[in-house]
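In the block that follows, a single chain appears as structure tokens, in the form predicted on its own.
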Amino acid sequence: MTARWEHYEHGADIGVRGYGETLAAAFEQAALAMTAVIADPAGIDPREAVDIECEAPDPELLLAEWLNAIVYEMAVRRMLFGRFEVSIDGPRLKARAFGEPTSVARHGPAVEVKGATYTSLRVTRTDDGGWLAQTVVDV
């Protein structure tokens, strides 16, 4: 399985999906999909690293916690992140998000992501043995 992300239509909000060989890789891709709602992740210089940790009782809630932790870090640090390194050990996620301060002129942010929702929240194995992580983000 090739790691990748995609968006899907969901009313006034936007669905984000991440695919990966591992659960952690799928979470990294879901984070990139969420970033891509705001700006092109490829245009974000990964020059600063921010450590993020979160915990939840199951993988679906962990995905929502993870994406909301990124939304929080983007808001308080006024940054965008274009690369993520995630490790997951049971209910605990540790990650490093790489990015830079938001520049309206350079990044041209399209919308603000207010948070990850529980709408269509799903984390599961795929037919090819990989992982899918998806949810809808409120914009």
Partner chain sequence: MNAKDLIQRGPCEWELPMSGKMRVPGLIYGSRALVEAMDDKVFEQTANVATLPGIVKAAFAMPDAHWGYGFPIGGVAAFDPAQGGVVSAGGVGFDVSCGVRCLLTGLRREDVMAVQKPLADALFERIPAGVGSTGAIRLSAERMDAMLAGGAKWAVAQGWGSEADLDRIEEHGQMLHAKPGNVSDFAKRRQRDEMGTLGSGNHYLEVQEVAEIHDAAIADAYGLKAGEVVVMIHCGSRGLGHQIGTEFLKKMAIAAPGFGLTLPDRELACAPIESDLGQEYLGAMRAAINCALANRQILTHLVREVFAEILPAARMPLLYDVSHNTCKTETHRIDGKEKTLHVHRKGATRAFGPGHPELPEPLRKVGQPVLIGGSMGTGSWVLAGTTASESLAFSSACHGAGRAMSRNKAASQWRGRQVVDELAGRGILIRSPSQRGIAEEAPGAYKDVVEVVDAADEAGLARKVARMLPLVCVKG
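Predicted, not measured: the structure shown is a model, and the values here were computed from it. Numbering follows the first chain given and starts at 1.
Quick note: we don't show the form predicted together with its partner chain, though the next part is all about it.
Contact with its partner chain in the predicted bound form, defined as a heavy atom within 4.5 Å, holds for exactly one of 101, 109, 46, 43, namely 109. None of the heavy atoms of residue 23 is located within 4.5 Å of its partner chain in the predicted bound form. When its partner chain is considered in the predicted bound form, residue 85 lies well away from it, no heavy atom lying within 4.5 Å. By the criterion of a heavy atom within 4.5 Å, residue 58 is counted among the residues contacting its partner chain in the predicted bound form.
For the chain shown alone, residue 11 is a contact residue for its partner chain in the predicted bound form, at least one non-hydrogen atom being within 4.5 angstroms. Relative to its partner chain in the predicted bound form, residues 32, 51 and 96 are all farther than 4.5 Å at every heavy atom. Residues of 52-77 placing a heavy atom within 4.5 Å of its partner chain in the predicted bound form, in sequence order: 55, 57, 58, 60, 61, 65, 68, 71, 72, 75, 76.
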